[in-house]
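First comes one chain, alone, set out as structure tokens in the form predicted on its own.
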């Protein structure tokens, strides 16, 4: 693995000539309750991306620390990019990588709101430039959570500032987690939650969805190991087609 933020241009040139793929963590800067930092999504995406880059000997790009987080903007500290900006960032970086001779890009997404604009950018990069882009969005997460975590999610497939994310943060950046401030909240989701735009602060006081208190670094390591294994199945299939 080579980290582009620490590399020189001749080193990147050599890595490109060796047909190494680029790996981009795409995070966010948003609330994660009173106990986890605003950078949680970015730290998690970078943690998984680093493991994947090690597995495939790839070019690890610096993480994008902002994302499309409008629905948590009612909590101070959250900073959101627009849908079009997220898409444009990935388009610009994808075109730049392609022009540099990189054969493919793997994007590790750490935030749900980024998914739609990233998917659209991936499609346009393929259609307009025939540049292969793979989106990794925590495959197998629901199964891993059910096997490793003790608490129940606040809603099916909804993990935010809960035991799962807190455990991964304890494994990756323990000094940034304030477990003495961890609290549980299982808010009542509005009936129209999945059918209309809704700000999360209108029905969740703490910004926590679930119970982070049972979180441990050991669980976080198991979750990361599982996510790496599941992601590598997809990555391997992608790379074999290049």
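Numbering follows the first chain given and starts at 1. This structure is a prediction, so every number in the text was calculated from the model and none was measured.
Separately, the form predicted in complex with a further copy of the same chain exists; it is not shown, and the next lines address it.
The listed set 149, 154, 171, 81 contains one residue whose heavy atoms approach a further copy of the same chain in the model of the complex to within 4.5 Å, identified as 81. No residue in the set 143, 180 and 222 has a non-hydrogen atom no more than 4.5 Å from a further copy of the same chain in the model of the complex. Taking the partner from elsewhere, residue 196 is found to have a heavy atom lying within 4.5 Å of a further copy of the same chain in the model of the complex. Although the partner is absent here, residue 36 lies within 4.5 Å of a further copy of the same chain in the model of the complex, judged by heavy atoms. a further copy of the same chain is not shown here, and in the model of the complex it never comes within 4.5 Å of any heavy atom of residue 159. Residue 70 belongs to the set of residues with a heavy atom inside 4.5 Å of a further copy of the same chain in the model of the complex. Taking a further copy of the same chain as positioned in the model of the complex, the residues of 78-98 that bring a heavy atom within 4.5 Å of it are, in sequence order, 78, 79, 80, 81, 82, 83, 85, 88, 89, 92, 93, 96, 97.
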